[in-house]
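For reference, the chain that follows is the form predicted on its own, supplied as structure tokens.
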């Protein structure tokens, strides 16, 4: 059980406090309710660009990292299609430094042409190195627009194309910042060995004066129900043929999300999973295979992916894979297998919650979902899942007309 307190500043900033008496460190985590799904299709990659810009200096702080390092701290950030998250870990007696840094860049970035140009080049190079010049790097640039036709999940967090970042103007980035980087669109968590009154005082001191703004409305186009099998095959300079079966699944707040998560574990999480035992160990069709869900806030994807063994063609793998999926949609798994799946999920969650940083990030994330206490209630949702629920969800998700298949063929085999 993760204990926490909640309060809100007059400018709309939601604040969570998690007391941990066992650590000499403190965490300041700030989640902004903005991700790639909030971008215009003509200007993608902006949420990720801002992840970098937020380290480029703010109105009173020319160098974010140096100030934090002098306080003995470390920091980082990540962007997804749904959120942007920043975190700082510092010795508890330097909590003010982390709060000062986060409040100053929430108040106003420096917005210099130099900073924009530097970070623009960093993102462009990342686009090239990680997505264009790396084996299998462009998978999500291909798979997302195959699976999504309307919803902004159809582009990756890095963006649709490099030109969108290359052409970003100062006016563009200022507008994006003003719209999304405000107290009402953020959730702050402070974790460490403090008293609530002290945290309230320090957070108020650093953040209360930041002007309030209306939380930006989010009106996203709904993805139409997929009713046809989609397939794309490309040739790339990769060591092995690879496959990506993507099935639409329920949104993050739905019951189907949790069942699909457990289903993905049954299919391909470990060496004891269905697909691993059949397609790798028994049939020896693949060198690797796994199944996972994306965890998207809106309608997400359950993905089955792997690499073919040399001499095996896609058609052979496809036939055997659908046979395996048919088995799990037609029969309920036994109680012992279901119990093992639940134990693994519970163990993984408990292990993740060992770290104070993970606890702070999870509290912010569940507060975004509607209630930070959801982090404590998830285990009961998983525990209530039955074999019938797994089979029914498998029947609903694992249908061919609900599938988008990306095949990457090695040029050496072409």
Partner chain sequence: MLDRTLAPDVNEIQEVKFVYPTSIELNEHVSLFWMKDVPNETSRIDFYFDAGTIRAKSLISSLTAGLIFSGTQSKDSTTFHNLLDDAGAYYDAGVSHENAVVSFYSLNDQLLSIFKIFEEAMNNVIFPQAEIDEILNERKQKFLVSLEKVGVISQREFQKLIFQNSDYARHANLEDFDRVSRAEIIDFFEQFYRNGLTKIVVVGSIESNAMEYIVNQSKKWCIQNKPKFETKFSNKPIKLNVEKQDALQSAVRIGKILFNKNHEDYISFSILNTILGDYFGSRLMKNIREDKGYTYGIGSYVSELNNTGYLIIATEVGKDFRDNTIDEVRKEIEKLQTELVEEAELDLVRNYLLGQILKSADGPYAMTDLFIGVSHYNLTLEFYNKYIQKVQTITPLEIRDLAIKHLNWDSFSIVTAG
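Positions refer to the first chain, counted from 1. Treat the numbers as computed from the prediction; the structure is a model and nothing was measured.
The form predicted together with the partner chain exists for this protein as well; it is not shown, and the discussion that follows is about that form.
Asks: Any chance all of 121, 344 and 354 sit within 4.5 Å of the partner chain in the model of the complex, going by non-hydrogen atoms?
Replies: Contact check passed for all of 121, 344 and 354.
Asks: Exactly one of 228, 334, 113, 270 has a non-hydrogen atom within 4.5 Å of the partner chain in the model of the complex; which residue is it?
Replies: Of 228, 334, 113, 270, the residue with a heavy atom within 4.5 Å of the partner chain in the model of the complex is 270.
Asks: Let me know the one among 257, 276, 180, 314 whose heavy atoms come within 4.5 Å of the partner chain in the model of the complex, would you?
Replies: Selected option: 276.
Asks: Evaluate residue 253 for contact with the partner chain in the model of the complex, applying a 4.5 angstroms cut-off between non-hydrogen atoms, and reply yes or no.
Replies: No, residue 253 stays farther than 4.5 Å from the partner chain in the model of the complex.
Asks: Is it the case that residue 381, even though its partner is missing from this view, gets within 4.5 Å of the partner chain in the model of the complex, heavy atoms only?
Replies: Outside the cut-off, so no.
Asks: Would you please decide whether residue 388 lies within 4.5 angstroms of the partner chain in the model of the complex, comparing each non-hydrogen atom pair?
Replies: No, no contact at 4.5 Å.
Asks: Against the partner chain in the model of the complex, would residue 371 count as a contact residue? Criterion: heavy atoms within 4.5 Å.
Replies: No.
Asks: For the interface check, one of 280-288, 172-180, 220-228, 185-193 should have non-hydrogen atoms within 4.5 Å of the partner chain in the model of the complex; which one?
Replies: In the other structure, the partner sits against 280-288.
Asks: In the model of the complex, which residues of 80-108 put a heavy atom within 4.5 Å of the partner chain?
Replies: 89, 91, 93, 94, 96, 97, 100, 103, 104, 107, in sequence order.
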